[in-house]
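Consider the single chain below, provided in structure tokens and representing the form predicted on its own.
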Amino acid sequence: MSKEKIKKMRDIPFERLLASGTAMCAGCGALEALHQIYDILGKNTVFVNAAGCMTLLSVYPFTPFRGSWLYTSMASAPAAAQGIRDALDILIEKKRIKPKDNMQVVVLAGDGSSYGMGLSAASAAIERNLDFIYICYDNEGYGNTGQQYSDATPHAARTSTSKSLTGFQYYKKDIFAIWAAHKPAYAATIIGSDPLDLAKKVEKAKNMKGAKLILALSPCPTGWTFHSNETVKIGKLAVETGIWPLKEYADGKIVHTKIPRERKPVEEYLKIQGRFKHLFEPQRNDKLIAEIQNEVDKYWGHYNH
């Protein structure tokens, strides 16, 4: 490829490069959040991308990111982030790069990696107080390989590996609580459909030292089975029903940044997603719907501010 063509590619705006990614799904909630996150973090970043949906953003030798990008296996992104952070610190100490050219180290991983295979590496990185931002786009399943269930799959959801009349029998792992138990510098939940809340939290994480988690619920049209133009609607309902609490952890405290005073019934969120269709058709399953509602009610009863 000629130098002229490479230069032209580098001049294409981030948004156009993302939009041109033919492998990415229309209406992707992860991309919705990532657009906004990248606007705040800027080009002075190095993304360590664990294998997953967002790996498809990169078409060798290009990525849509203006800084740097490294691809890793699903389990090892935090370990790679440690190596990059150490290398940058050494280069600054030896004055081979200027402090103004320092880069923010950012892990970009899905829930398959974050809740499962990569959790051990993340735990070790937090314990070492690694200075990095960990972005998890949580589409509640292994979206890149056919939406098999993951440790983030919600109770009763149907996936390609949980097809019974009751869907997934277990419950979603609370990865936010696991991170908070490690006492990181910061942890926050976000969603692309609430850009102001997202921006405040990412800006806060950007300006802090230490391990930081940005956990983004990422509605997935193909995996959750809904029309791609309903991503924002589903994101808003996740917050309004209380299924996805917007909160942050800092200085040993968990604070909710948006509290739905009059929560909508969870079925308003469930009934517009194909993965929960079996709860309503051909016969309504009041027992399972009540179980899901009860879990949400218990959560907010505990955090009744």
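Just count from 1 along the sequence shown to find any residue number. These figures come from a predicted structure and were not determined experimentally.
Another form exists, predicted in complex with a small molecule; not displayed. Remarks below refer to it.
Residue contact check: residue 125 to the small molecule in the model of the complex, 4.5 Å heavy atom: Residue 125: no contact with the small molecule in the model of the complex.
Whether residue 78 contacts the small molecule in the model of the complex should be assessed with a 4.5 Å heavy atom distance threshold; does it? Residue 78 lies outside the contact set for the small molecule.
Please check if residue 145 has a heavy atom lying within 4.5 Å of any heavy atom of the small molecule in the model of the complex. Because a heavy atom of residue 145 falls inside 4.5 Å of the small molecule in the model of the complex, the answer is yes.
Indicate whether residue 132 is a 4.5 Å heavy atom neighbour of the small molecule in the model of the complex. Flag for residue 132 set to no.
Within 4.5 Å of the small molecule in the model of the complex, heavy atoms considered, which of 185, 117, 215, 157? Contact residue from the list: 117.
Between the options 53, 270, 239, 37, which residue brings a heavy atom to within 4.5 Å of the small molecule in the model of the complex? Filtering the options by heavy-atom distance leaves 53.
Hey, of 104 to 112, 176 to 184, 191 to 199, 91 to 99, which bit sits against the small molecule in the model of the complex at 4.5 Å between non-hydrogen atoms? Going through the listed ranges, the match is 104 to 112.
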